[in-house]
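Same chain, two versions here, written out as structure tokens and called structure 1 and structure 2.
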Structure 1
Amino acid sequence: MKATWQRFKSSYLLYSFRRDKVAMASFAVLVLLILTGLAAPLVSPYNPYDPSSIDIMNSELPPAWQDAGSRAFLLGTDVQGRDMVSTMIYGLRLSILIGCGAVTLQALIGIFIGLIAGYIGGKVDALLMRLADIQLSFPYLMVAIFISAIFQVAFGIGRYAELAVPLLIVIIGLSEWPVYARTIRASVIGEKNKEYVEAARVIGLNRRLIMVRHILPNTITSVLVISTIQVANAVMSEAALSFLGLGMPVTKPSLGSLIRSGFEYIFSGSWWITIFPGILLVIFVLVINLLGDWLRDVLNPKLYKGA
């Protein structure tokens, strides 16, 4: 453990991180946002899921610095009288949860298929990659919208709303696995004829062990590079689905559904219900994208143009 820490301390990764102000700032903001989201019950001033803390008389209060605003609600309240800061923190928490869950699922499916396709090759490879190609020829957002539409019709709106979190993870996971499968396959093909793999084969290790223990660790860099961008994509997809009404219900709002529910009140001048969650979403996605760009440049300059 200590040796790993030492190696990390003298690594190029850390060196270039400490020289890059944009990367450091985005990392700080990202950590702050994630911590706030995870500690939502502790840090948020109110619990937006608790009906007893909500008073309808407080609905549509503007932010505290405006004349009609109240000191108790820094960024104002929404139509149901929920504190904007609290709903946003809880929404951020859901967005993070769904984003990370979906990317984990994508990575699992993608790594599994990519390893098999790359290592076994031949007909299996051709079939799996054709499948990935077919799906990639459609934009992921379209695929996600279709899958969620089908799920919603199949489950019925009420049941869909109950199961929204796991369903969204599955939907976004299914809509983007080909990205991982392709990347992993490419690195596996690059690795599989190297001497250490041949050595492992000569010793007589079985295929599964060679794939998981020997090849997989050497493809992790490329997984890392795409993962950051994929999290940003997943959060965006979730927001888009929720905005369309195919995602989180208004009773358990993510950032996307907050924007959706605030949208209709923009015409009566209550801009804060929509704009604040929107800003938070943009900041969150932006810092991940900035970090992703930096990581891509540092870890794999070759990927830069292709991606």
Structure 2
Amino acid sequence: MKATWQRFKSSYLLYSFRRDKVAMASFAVLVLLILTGLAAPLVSPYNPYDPSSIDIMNSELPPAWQDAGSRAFLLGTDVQGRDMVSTMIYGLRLSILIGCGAVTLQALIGIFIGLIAGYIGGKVDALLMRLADIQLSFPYLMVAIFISAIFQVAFGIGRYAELAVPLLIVIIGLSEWPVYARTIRASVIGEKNKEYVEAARVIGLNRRLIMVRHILPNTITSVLVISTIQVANAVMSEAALSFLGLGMPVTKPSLGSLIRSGFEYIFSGSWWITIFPGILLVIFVLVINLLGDWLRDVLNPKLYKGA
């Protein structure tokens, strides 16, 4: 463990991170947002899920610095009388959960298919890649509309609201796995004919062990880069689905459902219900994308050799 820490301290990754102020600032903001979201019950002023803490008479109060605002609600309240700061914190937690869950599902499916397609090749490779092409031809919004409609008819709207989080994870995860599959396949094709793989075949290791124990660790770099970008894409996808009414219900606020719930009131003067969650969503996605760009540049072998 100590040796691993010493290698990390002297690594080019940490050296580059310390020299990149944008990466350091993005990482700090991202950690702050994630910790705030995960600790929502501890840091939020109110619990938006507790009816006893919500008063409909406080609905659509402006931010505290405006004339009709209240110090009890720093960023105002929404149409249900919920504190905007609290709903945004809880909404951020849900968006993080859905984004990370969807990316995990994408990675599991994509890595499995990419390993098999790249290592075995031939007809198996052609079949799996055509499946990926077919999957990419169906926009996730179309898939979400069909799945949401079928689920609501079969189980009812109330049941849909209870299972909205896992359902969104499955919808977003199933729609984006080809991104991982194609990248892993390309990496496996470049690795499977190298000497260490040939040596593993000579000593009699089976395909599964060679793919998982020897080839997969050498493709982790591309997986890390993709995952950072895909988390941002998954959060944006959840926000888009919620904005269209196909995602989280209003009773379970996510950043997307908060933006949607206040959009119809933005021109009547209650601009804060949509603007503040929108700003938080932009900041969250931006810092992830900035970190993803930095990580892609650092882990690029050509850039590394030239450093």
Partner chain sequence: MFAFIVRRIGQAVLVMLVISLVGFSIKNRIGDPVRDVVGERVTPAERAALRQKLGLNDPFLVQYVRFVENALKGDLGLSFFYKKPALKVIISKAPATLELVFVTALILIVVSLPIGVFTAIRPRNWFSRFTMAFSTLGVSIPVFLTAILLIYVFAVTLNWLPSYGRGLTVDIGGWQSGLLTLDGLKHLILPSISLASIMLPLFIRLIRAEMMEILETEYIKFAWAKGLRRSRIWFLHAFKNTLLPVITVFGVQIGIMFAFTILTETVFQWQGMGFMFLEAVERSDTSLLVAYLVVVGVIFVVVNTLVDIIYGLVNPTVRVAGRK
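Values in this document were obtained by computation on a predicted structure and should not be read as measured data. One-based numbering along structure 1's sequence throughout. Each form is matched to the other, and the largest set of C-alpha atoms that superpose within 1.5 Å is called the rigid core.
* Asked: 1 or 2: which is the form predicted on its own?
  -> That would be structure 2.
* To do: Please check if Ile134 moves between structures 1 and 2, taking a CA shift of 2 Å or more relative to the superposed core as movement.
  => True for Ile134: a C-alpha shift of 2 Å or more.
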